[in-house]
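In structure tokens, one chain follows: the form predicted alone.
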Amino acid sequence: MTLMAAVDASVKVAGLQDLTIHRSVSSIPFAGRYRLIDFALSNLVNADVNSVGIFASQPFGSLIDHIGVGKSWDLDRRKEGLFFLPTTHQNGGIATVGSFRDFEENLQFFEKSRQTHVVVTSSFVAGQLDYKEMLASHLASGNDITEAIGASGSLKSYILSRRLILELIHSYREKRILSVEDLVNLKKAPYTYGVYEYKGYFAIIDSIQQYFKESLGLLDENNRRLLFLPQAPIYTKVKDEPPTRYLDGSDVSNSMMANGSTIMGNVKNSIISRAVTIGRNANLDSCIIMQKCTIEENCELAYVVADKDVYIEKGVKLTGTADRPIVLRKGERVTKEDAQ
């Protein structure tokens, strides 16, 4: 094994505040049954990277609840495996990936490793990055740092030697750099920089609009086939829940449905997470409904993102747009008076 990984789950993304009041960006639900960090972790274990540090800042309770000891990714090991490495940032980390300050606080993670190279990656990109291929490209190039890029820019993933990252952790103040991403953007001497061109499907989640667009984009079967590859599975926390129940009178079309829900109304062009209840004669069009939400009967919802545990009273009508979806925060209760 030659690769270890530092997953930066402390990065603050300014455009996602409504979904990150009670959780980090990394644990935002995506595609019904997944969290964003599932894609980073799955890409790593699919490349046989078995030493993974997750650098997290508050609030990280939701993230801990989701990843646990890493069992769902086969990272619950006596040697190496998953390391949860909290940082001292009280209000979230900086806005660039791979903070040297956070790495410095957990220096032993890098010092004790036996691996020769490090993947530094974010947790807000959903894709199928092949780190074996990226490492081969990095080694062949002879560059000091390799950045993964896609058609629209950086994928916020970098490979460099463990020797170099230790050198940078000890010298970042003197060099006046904040993070690996900052270093790559500034192209500081004397290092050499290269790119690895990723040509597969990916989604960068850095705003509500992007979250909404990329989520509903997965209703296109072609996109799902590109993101969920049978030879490179995306793993997530395993929950024992019954299949979703579709009662008489319900109608569901062009939607992704997770387990454990009860559907009595009409759903189209939407993504429904686990354990959601949708009442009779409720109509949902182009909505993202996260787990344990309750939507009572006769509701009319279009272009709505409902975070976990939202309750919507019967008869409520909410209409957003594709560019400006209505976002209901975690645990919010919506009455007809609120919606007027």
Partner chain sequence: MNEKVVAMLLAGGQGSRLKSLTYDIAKPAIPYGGKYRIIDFPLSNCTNSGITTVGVLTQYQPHALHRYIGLGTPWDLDRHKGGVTMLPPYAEIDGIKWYAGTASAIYQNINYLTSCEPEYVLILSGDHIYKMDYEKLVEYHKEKQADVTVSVLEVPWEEASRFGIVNTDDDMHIVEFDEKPEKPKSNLASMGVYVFDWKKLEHYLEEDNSNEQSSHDFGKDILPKMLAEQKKMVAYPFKGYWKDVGTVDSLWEANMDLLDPSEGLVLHDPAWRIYSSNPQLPPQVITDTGRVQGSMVNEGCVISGTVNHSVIFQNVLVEQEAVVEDSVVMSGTKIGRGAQLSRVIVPPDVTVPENYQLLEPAAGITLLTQDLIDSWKESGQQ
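Numbering follows the first chain given and starts at 1. Every value quoted in this text rests on a predicted model; they were computed, and no experiment measured them.
FYI, the form predicted together with the partner chain isn't displayed, but the following is about it.
- Across the options 104-112, 169-177, 119-127, 69-77, residues that bring heavy atoms within 4.5 Å of the partner chain in the predicted complex belong to 69-77.
- Of the heavy atoms in residue 256, some are within 4.5 Å of the partner chain in the predicted complex.
- The partner chain in the predicted complex comes within 4.5 Å of a heavy atom belonging to residue 260.
- By the criterion of a heavy atom within 4.5 Å, residue 241 is counted among the residues contacting the partner chain in the predicted complex.
- Taking the partner from the other structure, the partner chain in the predicted complex has no heavy atom within 4.5 Å of any heavy atom of residue 217.
- Contact with the partner chain in the predicted complex, defined as a heavy atom within 4.5 Å, holds for exactly one of 197, 144, 251, 133, namely 251.
- Here is the short version: of 164, 149, 247, 139, the single residue with a heavy atom within 4.5 Å of the partner chain in the predicted complex is 247.
- Looking at 210-242, the residues that come within 4.5 Å of the partner chain in the predicted complex, counting any heavy atom, are 224, 228, 233, 234, 235, 236, 238, 239, 240, 241, 242.
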